[in-house]
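Take a look at this single chain in structure tokens; it is the form predicted on its own.
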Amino acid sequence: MDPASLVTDTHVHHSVYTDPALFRLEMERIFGRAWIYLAHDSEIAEPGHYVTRHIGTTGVIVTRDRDGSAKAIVNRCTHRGATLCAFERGEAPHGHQCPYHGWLFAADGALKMVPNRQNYAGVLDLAENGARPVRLESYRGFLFGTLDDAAGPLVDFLGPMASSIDDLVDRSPTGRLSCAPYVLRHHYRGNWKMTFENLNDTIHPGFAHAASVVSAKHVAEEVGSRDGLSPTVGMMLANGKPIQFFQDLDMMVAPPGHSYIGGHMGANYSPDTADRYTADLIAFHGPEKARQVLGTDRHLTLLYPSSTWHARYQTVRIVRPVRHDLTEVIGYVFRLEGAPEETFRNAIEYVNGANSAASPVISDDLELYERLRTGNGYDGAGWIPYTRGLNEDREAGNGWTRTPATSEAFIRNQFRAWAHYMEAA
């Protein structure tokens, strides 16, 4: 079967969400080729610090080496295949040692030592048994990895969407970020693509989240104002905006599969914080650049196929495929070094509302992902259309297209990328 035959300009076959064999091929041809966001420099600040992450279903270890460079290897001992690290983060100043037979690997994967070396005399070449290295590149402190040595440069992969990472970093009045230790994660019973097809979908909120919209309106009425409401309540209220509002909003799509829509929600800082923060940004960037930073408002940039970014709320989410019918979403929040503390509290509140399984918003999505898994698993489910806004493109530029935010252009863009990746090697 040619996977590209499952995608047309207007439809996709339901099996792309339900077929375990296709999922395994995705891990090889999409997650095995794309640049995948792994970690931020601040998470491995000192030599020996490491974090464990995933590229698709492959575990990797990202380590700060002794020379200060970041290195990554597959989290697998080359002896019997045991994973080297069981913890999400830690310190390994002398390397990563397998807990089974004690083989010791350097940060770059080189096999440094095997116990009782004489047993291997003449039969083991350490140089040929290192752990598999993962190619790393950094963009403004954010580390991306790929298993494809032939992949183009990271900046080419990011394309115009690099500006969303710029937007996040430039919001710091010192130019520095630090990843907070607070991590929120949830699993859902459904395919990983469902998240990417949902987060820039502006039609579903008024239906899927209708109950939380009503609750948020009651809260606003009790408070007597919509000013100063928490980001979670602001998110709930934003989901109740009329469809015409989203029709007027812009969406930007770019290869390979990336997109974002204009901002449509927010909780403002208190006046004192806003004044101080603005003054700090002007002092660091100058008036013109500070106005540009504060005037940029994007809702959820999607870096296909692995991460989502919200600069205004200093959050990054990793979408991790576990099985064809199981996905983990992991949310990280960043501190803008030197910014008022309220900016950080605001971001923590947002990530709780956006990535906690207890959120009154995300719980609706999790239920719908499971409904999608169930319905698309029925015999004869056939072909699924994604034709909304097919003829409504507004403008095309160098590597990007601008459309109404109500369009399914971003899903069509994702499946163009999907079909391209899934072509035979």
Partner chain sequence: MLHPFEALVIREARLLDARDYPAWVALYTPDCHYWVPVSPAMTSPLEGPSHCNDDRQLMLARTHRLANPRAFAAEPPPRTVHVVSGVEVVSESADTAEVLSAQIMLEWRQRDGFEADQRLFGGQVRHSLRRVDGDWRIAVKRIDLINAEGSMNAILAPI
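This is a predicted model, so every value here is computed, not measured. Numbering follows the first chain given and starts at 1.
Separately, the form predicted in complex with its partner chain exists; it is not shown, and the next lines address it.
Enquirer: Is Glu43 near its partner chain? Define near as a heavy atom within 4.5 Å, in the predicted complex.
Expert: No, no contact at 4.5 Å.
Enquirer: If you check in the predicted complex, is His218 within 4.5 Å of its partner chain, heavy atoms only?
Expert: It does: once its partner chain is placed as it appears in the predicted complex, His218 has a heavy atom within 4.5 Å of it.
Enquirer: Would you please decide whether Ser306 lies within 4.5 angstroms of its partner chain in the predicted complex, comparing each non-hydrogen atom pair?
Expert: Taking the distances in the predicted complex, the answer for Ser306 is no, it never comes within 4.5 Å of its partner chain.
Enquirer: Glu328 versus its partner chain, in the predicted complex: is there a non-hydrogen atom within 4.5 Å?
Expert: Yes, Glu328 is a contact residue.
Enquirer: Of Val223, Leu249, Met113, Ile203, which one comes within 4.5 Å of its partner chain in the predicted complex, counting heavy atoms only?
Expert: The residue in contact is Val223.
Enquirer: Among Thr273, Ser230, Gln292, Ser138, which has at least one heavy atom within 4.5 Å of its partner chain in the predicted complex?
Expert: By the 4.5 Å criterion, the partner-contacting residue is Ser230.
Enquirer: Only one of 257-265, 115-123, 175-183, 143-151 has heavy atoms within 4.5 Å of its partner chain in the predicted complex; I'd like to know which.
Expert: Stretch with heavy atoms near the partner: 175-183.
Enquirer: Out of 346-376, which residues reach within 4.5 Å of its partner chain in the predicted complex, heavy atoms considered?
Expert: Ile348, Val351, Asn352, Ser356, Ala357, Ala358, Pro360, Ser363, Asp364, Leu366, Glu367, Leu368, Glu370, Arg371 sit within 4.5 Å of the partner.
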